[in-house]
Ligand SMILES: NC(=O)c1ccc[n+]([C@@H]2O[C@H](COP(=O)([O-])OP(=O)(O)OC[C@H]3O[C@@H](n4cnc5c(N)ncnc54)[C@H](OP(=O)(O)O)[C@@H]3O)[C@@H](O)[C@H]2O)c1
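Presented as structure tokens, the chain that follows is alone, the form predicted on its own.
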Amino acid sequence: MIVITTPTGQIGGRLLEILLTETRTRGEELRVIVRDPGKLPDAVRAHVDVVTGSHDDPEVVDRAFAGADAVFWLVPSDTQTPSLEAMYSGFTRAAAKAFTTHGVGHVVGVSALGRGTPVAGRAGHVTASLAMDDLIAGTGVAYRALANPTFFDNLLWQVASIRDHGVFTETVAADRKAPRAATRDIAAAAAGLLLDRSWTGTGEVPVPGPEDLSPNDLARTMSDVLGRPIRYERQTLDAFRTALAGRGMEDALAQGYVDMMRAKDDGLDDGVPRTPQTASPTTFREWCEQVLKPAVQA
């Protein structure tokens, strides 16, 4: 039995698609935890066991983890969180207890690159995510943290600006190269670990994408794929914080994003060398052709 959290999200939803295909011939059961089962397609609900509720609820995870061999763990964003500790470790505590209570063998979690870098202790969301990893690892469960960089898919939040003005913004220097990855590759990495549970102990699995890219590199590729000039505008951290507040984010969450982006510009994602074994396959050009372009043209 594999339990999937956030089965309607970008990563969890794609993971569920992969596992539904792969487990049909394996006899492996799937269970999902979801707040609103109505968001699951009918064809999906027919093939999974559904536990309704939030996966920070002790009663919900107690029901969901009973008989589970493996769990996919992802903490959802909470714009009203009082602190990053509450959003990550606080949200995870009930599950961590339930892992032990029900003897869950393996857990795969969504985390971030940055462990071991000089700025990891002041990187906002990343710092809190790494502390969550330590909490899970401390239960004694076999744990793999998917260590992720910035997602290509974050650009989908700026589709209107890209389409209407030919502009996208970030806070890092225009020529600052860093790893980036597609969320579908993160889901694929999670699926591989959940299906082949021969691993033991705790550790990280980097998902760094196939190459390091700067905002200027992104602009060139988007311009080529979309057939029109796309340019990068660097946003100040103060302007970034103001924009987040305008979306209704509480101060703790917004400050966490500001601290994370400052740390990324200071080398947060540079601590893990890319290898043929860790390089995830989807290139930025492929992602633009298959995901961004259809979104811009919609």
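Residue numbers run from 1 along the displayed sequence. What you are looking at is a predicted structure, and each value in this text was computed from that prediction instead of being measured.
Keep in mind that the form predicted in complex with the ligand is not shown, yet the notes after this line are about it.
In the model of the complex, segment of 204-212, 94-102, 167-175, 146-154 with a heavy atom within 4.5 Å of the ligand: Among the candidates, contact is made by 146-154.
Partner proximity in the model of the complex: residue 10 to the ligand, non-hydrogen atom cutoff 4.5 Å: Yes.
4.5 angstroms heavy atom contact with the ligand in the model of the complex for residue 39: Residue 39 belongs to the contact set for the ligand.
Non-hydrogen atom contact residue 74 with the ligand in the model of the complex at 4.5 angstroms: Within the cut-off, so yes.
In the model of the complex, residue 110 touching the ligand (heavy atom, 4.5 Å): Result yes; residue 110 sits at the interface with the ligand in the model of the complex.
Single option in 235, 54, 255, 242 placed near the ligand in the model of the complex, where near means a heavy atom within 4.5 Å: So the residue touching the ligand in the model of the complex, by this definition, is 54.
Sole residue of 35, 63, 47, 231 within 4.5 Å of the ligand in the model of the complex, by heavy atom: It is 35 that has a heavy atom within 4.5 Å of the partner.
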